[in-house]
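Read the single chain below, which is given as structure tokens and is the form predicted alone.
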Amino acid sequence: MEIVHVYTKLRAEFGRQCLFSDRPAELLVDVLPDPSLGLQFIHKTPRDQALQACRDMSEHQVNTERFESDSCGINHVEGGWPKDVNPQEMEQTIRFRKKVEKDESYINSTLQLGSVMEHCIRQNNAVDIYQEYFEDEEEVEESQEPPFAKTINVFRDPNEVKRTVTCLSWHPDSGRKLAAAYSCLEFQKTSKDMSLDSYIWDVENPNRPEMTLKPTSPLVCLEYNPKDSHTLVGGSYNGQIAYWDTRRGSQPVELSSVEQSHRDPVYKIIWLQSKTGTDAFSASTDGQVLWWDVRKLSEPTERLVLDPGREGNLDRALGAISLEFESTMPTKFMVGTEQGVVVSCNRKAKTPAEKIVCTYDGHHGPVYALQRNPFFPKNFLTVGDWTARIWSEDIKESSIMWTKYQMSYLTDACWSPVRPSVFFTVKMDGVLDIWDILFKQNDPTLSLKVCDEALYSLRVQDNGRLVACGSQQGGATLLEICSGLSTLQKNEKSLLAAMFERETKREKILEARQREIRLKERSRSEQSREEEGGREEGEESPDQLIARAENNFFSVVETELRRRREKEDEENRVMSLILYTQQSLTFCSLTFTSENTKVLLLQ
């Protein structure tokens, strides 16, 4: 066995030590410059290179284990009453309260708790937790960042057969839930395996819907009640109206009968502003607008037929595909139709003919979206064919502003709830366009490719920061908009009001000018008709005028053909005469030559 000893010692502690001493400078080598090398010198452009004295870092992404959450809720109801007291009877509860209030133990416990509550209340009043310390200071203008939007979540249809997201609705209180209606709108394309369910999603959990709504027919539209966040109302593909209370489960609480419902799919339903908070009205392509009380859906409370002739004829009614109701105008509502016409109605009119006030005609196809500006209710936005148009109630001939024709069909649009000049549109090519008409009118401020399939529905959250888009293959994409497009800008309302007023005046001037031109043309045509009537005793019918014009035309053609034939005959006659003259001259020359030959021979 070999034994090894290892001795360690610093390098500076062994070997010859370095000895330093001071001495004057000494020249060791002197290299003189070579002039010939100067000719080979090349000037180079100086370059600046920035260096950072830090360590190189690398970034990696790791998918952690997915955590699935489940939401549960408890409904608290009034309780604690004795068995002999019925809480539904007002007299019994009042009698029991009076009895308890006279009890000495109740009085003593109230006095003891009163001092504790007083201490807590004074403690809360001592400090204002909502105080803003820097509200008096002027806001520093931030640098304008380019507009952007980012995807937060995608909620996909959990069924194998994918369906279109036809409608979206945000939870009215917190905005943490999103209700989505799923159905197939293509005619006779529904398969037997297709699910009828619609879902309520939690925006934080895209893995599984929070609640399933089970209608009897696929839902085309779905809306949260703004007064009661637990209730929803939906319109079905078969025309029925369904009402849900999320506290009572997935099945509808009330369902309208088929006989009293719409005959076509219900494309839009809106809650009305009422004391009970249970009134709604719906529109369908069968040409009817029906009013409902969700507590009793056996039959509609009111009915309106969208007959442009104001006669209530359902056969001539315009199919409704979009609705608009503004709570500040409780008697007015607007309907967008399949024929591209927007119908303005008054619910409180006495007769059905007076309920249809006026119409706005401006689209070549169905009006898929219709919404008033939340800050300027007199101006409303419509989407149809390849354009989005902004209208004024005072101008019925044409819109005051419009976008240029897009390459893809527009399917939905809505205003921003926080910025009056911003609105959103979605298209068939899967693009979300955000328009700021104060910034530029011809092109969108931001265009974002959301998905590769067509987008059919759109809804903005009340704070204007989150936007949900529904696609053809059942995907609901949640996007977050930058603060520049979701924060009210300085003087924005006054600038937009001035713009709307200016464009409305311009359209009024053009409308008046067009009316003058039409009146002049009408008076001119009437005057010429009177003059023709003075010249001729009997006025010819349109068929006679056409026959006379045809005869004149054919006579002119025949005259022209006859003239051309005569001209050709004349030309042929002249050519034949020329040929005959040339032949005669040739014969004479030959005869003359032969006579000369004879004379020469005789000589």
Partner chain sequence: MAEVEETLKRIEAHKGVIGTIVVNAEGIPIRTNLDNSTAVQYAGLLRHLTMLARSTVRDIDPQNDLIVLRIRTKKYEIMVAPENGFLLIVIQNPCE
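The model shown is predicted, which means the values in this text are computed figures rather than measured ones. The term rigid core refers to the maximal set of C-alpha atoms that superpose within 1.5 Å between the two forms. Residue numbers count along the first chain shown, from 1.
Here the subject shifts to the form predicted together with the partner chain, a form of this protein not shown in this document.
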Using heavy atoms only and a 4.5 Å cut-off, determine which of Glu526, Glu186, Asp128, Glu259 is in contact with the partner chain in the predicted bound form.
Asp128
Answer option from Asn442, Thr351, Ser109, Thr328, heavy atom within 4.5 Å of the partner chain in the predicted bound form:
Ser109
Partner contact for Arg502 in the predicted bound form: the partner chain, 4.5 angstroms, heavy atom
no
Would Asn86 sit within 4.5 Å of the partner chain in the predicted bound form, counting heavy atoms only?
no
Trp81: heavy atom within 4.5 Å of the partner chain in the predicted bound form?
yes
Partner proximity in the predicted bound form: Glu101 to the partner chain, non-hydrogen atom cutoff 4.5 Å:
yes
Exactly one stretch in 315-323, 210-218, 118-126, 494-502 has heavy atoms within 4.5 Å of the partner chain in the predicted bound form; which is it?
118-126
Compare the position of the CA of Glu160 between the shown form and the other one after a rigid core fit and state whether the shift reaches 2 Å.
no
Post core alignment: Thr359 C-alpha displaced by 2 Å or more between the shown form and the other one
no
Could you check whether the CA atom of Asp452 moves 2 Å or more between the shown form and the other one, using the rigid core for the fit?
no
